[in-house]
Every structure is written in structure tokens, then in C-alpha cells.
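Just one chain is shown here, as C-alpha cells, and it is the form predicted alone.
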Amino acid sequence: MDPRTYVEKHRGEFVAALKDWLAIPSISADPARSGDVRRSADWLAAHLADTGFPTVEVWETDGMPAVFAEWPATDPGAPTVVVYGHHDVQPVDPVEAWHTDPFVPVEQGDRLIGRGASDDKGQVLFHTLGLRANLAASGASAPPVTVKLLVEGEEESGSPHFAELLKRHRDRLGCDVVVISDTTMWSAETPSMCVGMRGLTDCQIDVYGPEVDLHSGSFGGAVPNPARVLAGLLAGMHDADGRIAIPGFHDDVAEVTAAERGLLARLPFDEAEWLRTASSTAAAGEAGYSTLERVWVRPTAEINGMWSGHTGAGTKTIVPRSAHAKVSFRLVPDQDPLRVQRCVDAYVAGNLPEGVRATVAFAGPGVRPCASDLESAAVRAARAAMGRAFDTEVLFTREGGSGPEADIADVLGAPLVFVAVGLDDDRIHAPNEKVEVPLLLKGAESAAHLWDELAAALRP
């Protein structure tokens, strides 16, 4: 039986299983739901065992558990593939904005609504259907590559224990390529592969001047004003062309190639529609780059919030004692978050007038950017697999968001390939999250072809 026929034939049981899993409120950010996150891991482990994986284990961390499964290829010389995803989900607030119960999955035509439907339970689960479809098509008892699944339980909480988990089990996770199924496509009509994600580091800048708020009539214009100093620091982070002006910030930026810029330009991007989605009336950003390039392949410095002095009703004519801002930086290959943090520290310290002090507190070590080699055998194999499932050419995209993918690639020493079928309008992280079931089935069909394509492409 060919993979497409097998996938379509088993649609009903696949959707039923996914609905069972979605009913578990595995919100890793909510301590009250820790038992549910563990229950989600146990559910997945049982499902993988039922699928046929000979090895299934729940791996403990100092936080929430991950699930590991392995199905060896019959040929010991076959390539090994790790599939990464996560089984935890975002909180559901504001719950009153949901049209249905977030954890009572509802089918509306081809659409399945529920928290985690797209991000990431649906995209994890299509691999089990795809693997069964591959075996049904080949008549074999094992896949043509060794398949390992690693499904973490804290991705939506920043993966605080994931890097340590990877290092602890590095030997068990040895592989030739890592498949990521936690991203989106351009659209249902234009299937695409993500080939890169930006990194992230963020901080709070606190600027201090006088020991107390001062009367602006008696002291204004004669002592440093922390709010003015902070405004200057923030404004100075960009030059007149919208390029980040922090010294050293761009030293390691990998410029996007002309070939990739050409590939991105092939996407059917409608800027007017994009602006409507952004609830904005104009595009802005670094000169010389398109809107897509600005959100995918260029670094950013964004002021997330700022406050100082009197912000209540009426007037209070003061020189405030302090001013504060939260700033986030999206990073691109080959930027290192820790080096960027040092650049920001030096920029702030080097631009303070006498009588003012400042602190810069970063939330953590940050998230590193990642990218796939478009010409690699693994990317070509994955693109071919998706093309067979969708019956059309698969284009390339990037994503402006961030995740633990760079840690996976570095610790395991393997390249990344993104095979995912989510959509930007799936409302992930928002009320009424949904997934298009036909796309999940295309994901399963892509996975069924992927193992054959990778076996041929990566065999020594």
C-alpha cells in the first residue's frame, strides 16, 4: 500500500489519538500542571510503544520529563535520524477568548481546535503515522534509517534543562541528521521548508541619577535626567538607515547570500496583507532589505517597554531618580548571544554622562540562531520528500522566532532539517489554536517518504 493511501485510510484513528493527547493540559509554565505534563509524557510513551518502537523511555530532568524512542534500521550501516519536538503547550489565557474549551478538542470540518493542535503535538504525532505508512509501503519490519524521537516537556518554558539533557544522553542520541517538526510553512497552497531561525537575548536597562525625585523647577536642566539619558541610549542603538549601531554588534553577522535572497523573493509575499495582519499602516526597518529579509535574516534591537518618573493622572513636574527599559535582540547566524551581551554592556557603560550610573541585566545566556545548508544532502532529501507528498515544488523560508535548535545541532554535531506543516494562522500561543488535518496528513506522508530519501542520500 502506498503511503498516501495508508495515511488516508488511517485518518480517523490518527485524529482520535491526537484528540486524546490534546485533552491533557500539559502547560509546562504552570506549576499546578506539572502532573499533567508528566501524564502527557506517559501518554506519548505508550503511543510510541503501540506504534512499534522497540525502545521507549521517559527521561527525567530537573524540571519536566522528555520522551525518547528508538527504532533501529535492519541494516546496521544505515543512517540515523533524530526527530525533535515537544509535548508541553502554552498557557490558555485569556480563557474567555476561546470559542471552545482549550482542552476539549473540537473538529470543525478539516480543522481541529485545541491547545497544542499545531504547536507541537499534532506535528509530533504525524511522525508515528508516517513511520507506519513507510513500513506498510515497503513491507519491512523496520525503517530504512534508524529513527530516534526526542520530545521534550519544557520548550514552552524556554527549555531550561534541555541542553543538559542533550549532553547527558549524547551517546544515545548520536545521529547523522536532526529533523525539526516545530515550525510552519508559507501557506497550504505554497508548501515550504524552514531553513533557519533567529537567536534571542533580552535585557532590562536601569539608569539612575539623583538619589530622589527632584523638583524640575529647582533642579531641572542643571542635573542629569535619567529618562533623557535612557532615551538617548535607546535612540542611539540604530543609525539613520535603521541598522543597529551598537559597536561590535555586526562583527559576526553572516550576510544572506544572493542565492537565498533570490529564493526568498520567489515567495508570494503580499506586503499590504502582511501589514493588515500586523495591524500596522507602514513597514519600517533596515534600509536595503525587504520586509521578509528584515524579519528572517537580519538582526534586530527592539524596545519592548520603558518607564520612568510620574506616569499617573495629572502632572508631577520632576526630574525622576531612575528610568528603565526592556530590550530584546533577535540574532542571526553566526552571532553569539554572550558576545552580543558584552557589546550591549560596553555600549551602555560607554555612553553615560557623569552623575549617572546604569545596570544591564540579561535574562540568561540567550538562544543561539541556527540555519540549514540549502545545498546539503539532507536538505535536498527532505525537500524531495515534501515535494512527493504535496505534488509540487517546495520553497524555502526562515523564521523570525527562536528555539533550542542550535543547542541540538551543536551538542549532537549533526545538521538540522525542518519538516513541518503548521501555518502562521494556526493561532499558536493564542486563543483558539487550530491545525488543518489535511496538512497533518501531508506531514505524515512527507515523513513516510523522508526515511527512504534520507537512507539514499546519507548512505556512505
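Only a predicted model underlies this, so the values are computations on that prediction, with no experimental measurement involved. In this text, residue numbers run from 1 along the sequence as written.
Keep in mind the form predicted in complex with another copy of the chain is missing from the figure; the text below concerns it.
Peer 1: Can you say which of 71-79, 323-331, 126-134, 340-348 gets within 4.5 Å of another copy of the chain in the predicted bound form, counting heavy atoms only?
Peer 2: Checking each option against the 4.5 Å cut-off leaves 323-331.
Peer 1: Checking a candidate spot here: are 118, 138 and 267 all in contact with another copy of the chain in the predicted bound form (at least one heavy atom each within 4.5 Å)?
Peer 2: No.
Peer 1: State the residue from 217, 160, 365, 247 whose non-hydrogen atoms include one within 4.5 Å of another copy of the chain in the predicted bound form.
Peer 2: So the residue touching another copy of the chain in the predicted bound form, by this definition, is 217.
Peer 1: Going by heavy atom distances of 4.5 angstroms or less, which of 35, 401, 413, 54 would be at the interface with another copy of the chain in the predicted bound form?
Peer 2: The residue from 35, 401, 413, 54 that makes the contact is 401.
Peer 1: Can you tell me if residue 300 lies within 4.5 angstroms of another copy of the chain in the predicted bound form, counting non-hydrogen atoms only?
Peer 2: Residue 300 belongs to the contact set for another copy of the chain.
Peer 1: Please tell me whether any heavy atom belonging to residue 254 falls inside 4.5 Å of a heavy atom of another copy of the chain, as the geometry stands in the predicted bound form.
Peer 2: No, residue 254 stays farther than 4.5 Å from another copy of the chain in the predicted bound form.
Peer 1: Can you tell me whether residue 387 touches another copy of the chain? I mean in the predicted bound form, with a 4.5 angstroms heavy atom cut-off.
Peer 2: Residue 387: no contact with another copy of the chain in the predicted bound form.
Peer 1: Classify residue 235 as contacting or not contacting another copy of the chain in the predicted bound form by the rule of any non-hydrogen atom within 4.5 angstroms, answering yes or no.
Peer 2: Output for residue 235 is yes: heavy atoms within 4.5 Å of another copy of the chain.
Peer 1: Listed by sequence position, which residues of 268-305 have a non-hydrogen atom within 4.5 angstroms of another copy of the chain in the predicted bound form?
Peer 2: Heavy-atom contacts to another copy of the chain in the predicted bound form: 274, 277, 278, 279, 280, 281, 282, 283, 284, 285, 286, 291, 294, 295, 300, 302, 303, 304, 305.
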